[in-house]
Ligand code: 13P
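What follows is one chain in structure tokens, specifically the form predicted alone.
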Amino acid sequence: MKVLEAEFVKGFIRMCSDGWEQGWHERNGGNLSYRMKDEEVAAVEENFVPGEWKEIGTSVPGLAGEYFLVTGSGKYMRNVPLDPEDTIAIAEIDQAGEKYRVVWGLKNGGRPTSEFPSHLMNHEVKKAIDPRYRVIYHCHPANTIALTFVLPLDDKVFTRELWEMATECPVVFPAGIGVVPWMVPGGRDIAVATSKLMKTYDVAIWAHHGMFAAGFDFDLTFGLMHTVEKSAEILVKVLSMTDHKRQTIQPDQFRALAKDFHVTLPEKFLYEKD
């Protein structure tokens, strides 16, 4: 089977396009990676032309021998549907989890996203929690970024404020949201900080930068990102009208919601406000 005929590749390309259409990927902003299933590798490996091994920049032994579909460094999400063989790649991880090589894609040269180490470290964490996690997505949604300038950079505050904006929010991300203070992107420090949060959450906000999310598949991961950003948009509108909410969802109402929808909401987010 040709790579571009595979369903997982079509889903990957669609998610890149959907993110662009939402306005989350200015210029070459944002990146996406997908940990391939064994049967998906087997279906397309006849197309592989392995390149040279290169250092990842970190060690991910839990991903030894895995293959990833990933966006390229400096590539534009808007161009992925137009020329996927130039803008995305399949990369193989070596048996030590310390090197990678491109086996398909990036036909005009290049390398996986500069945040590939962050993606891999977070893939390793999520795989250890539940092997159904396969997608890591980073984008730049404007309303979520705007909130990092006015809300305390605190997991409890961000989670509670965004939960209050739409009833579906605590059902979609019941574990809450983590927040990473500003750090230089693409480096080990931000990768380590994010991977620590991913042990608890499926979504982390990078202050003044963007959002990082994990999920089982493309729909769930995109839907998670979309829900958080829509909630952020509502909060931005509320804050533009007033600094005081006349009414909102109260802690006991969240508890009732959790009971009816069979989700567990951590009590640390259900604090009484002054």
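The structure presented is a predicted model; accordingly, all values stated were derived computationally and were not measured. Residue numbers run from 1 along the displayed sequence.
We do not show the form predicted together with this ligand, though everything after this point is about it.
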Review point. Looking at 58-66, 215-223, 232-240, 29-37, which one sits within 4.5 Å of this ligand in the model of the complex if you count heavy atoms only?
Key: 29-37
Exercise for review: Quick one: from T200, T167, N79, S73, grab the residue that has a heavy atom within 4.5 Å of this ligand in the model of the complex.
Suggested key: S73
Practice item. Indicate whether S114 is a 4.5 Å heavy atom neighbour of this ligand in the model of the complex. Key: yes
Check your understanding: Looking at the partner-bound form in the model of the complex, is H123 within 4.5 Å of this ligand by any heavy atom?
Key -> no
Review point. If you check in the model of the complex, is H140 within 4.5 Å of this ligand, heavy atoms only?
Key: yes
